[in-house]
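Quick heads-up: it's one chain on its own, the form predicted on its own, in structure tokens.
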């Protein structure tokens, strides 16, 4: 189908890397800055994982999107520059990695705009956004509209791209996510703060993701894989990522794309549906806060 978002592939893979570094831990409390094991555990991602990931992507010739909190980019501008030099997309992932649903709208706006300012100072064009913990608020989409971003990747209403109608004739693409394609649910472990408590075998994880990709090919889905360099940058896990990419490339009908490219293709595809934001009316007598 000419002009289709999937470029006539059976499925499209977006390899996305959330380079959170220390921010998810600091969002749980500033006191963790003095927990040196924990800080070094998180620093492994940008300092060790990202260079290995860039080497892997170069070796296999596939593009990716890196969602980076402004706080991380501010402290590691050389890493951001290296990602851009390798031809990958850099996208907005808040400034502080605090979930928008936990913030007052004024706090969210300040955090959102502070992150954008960091990338502007570094000469990085930003067209996409992913909320911290995928916890987008209704106010989040007003910020995306106000700042002219082209896509979001935080919601779970489909397994194919769709357009979101933000009002006043503004449409952005939604690139849906899901917990089953997130390495956090497979590998995240810390005693404090408790961010997860299971460390799975990479062989089991590879089996899960290959099964999902195989099934998604039947429905022309978006395989939107979310990886964290402090998790999947570890050797055996990165080897599983390599094997997954090689498997997808070998199928011959799977496309690998940056998020921004999928978003633009989806917005140009007349067969991609347009929806409003989820709108649930709640009777507080039945469902109190």
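All figures in this text were calculated on a predicted structure; none of them were measured in a lab. Numbering follows the first chain given and starts at 1.
The form predicted in complex with a further copy of the same chain is left out here; the points below concern that form.
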### Query
Among 108, 89, 159, 183, which has at least one heavy atom within 4.5 Å of a further copy of the same chain in the model of the complex?
159
### Query
Within 4.5 Å of a further copy of the same chain in the model of the complex, heavy atoms considered, which of 163, 116, 190, 81?
190
### Task
Identify whether a further copy of the same chain in the model of the complex is within 4.5 Å of every residue in the set 129, 145 and 261, based on non-hydrogen atoms.
no
### Query
Could you tell me if residue 249 has a non-hydrogen atom within 4.5 Å of a further copy of the same chain in the model of the complex?
no
### Query
Might residue 203 be said to contact a further copy of the same chain in the model of the complex, defining contact as any heavy atom within 4.5 Å?
yes
#### Entry: Distance check, residue 41 to a further copy of the same chain in the model of the complex, heavy atom within 4.5 Å
yes
### Message
Can you tell me if residue 101 lies within 4.5 angstroms of a further copy of the same chain in the model of the complex, counting non-hydrogen atoms only?
### Response
yes
### Task
Residue by residue through 191-220, tell me which have a non-hydrogen atom within 4.5 angstroms of a further copy of the same chain in the model of the complex.
191, 192, 197, 198, 199, 200, 201, 202, 203, 204, 207, 208, 211, 212, 215, 216, 219
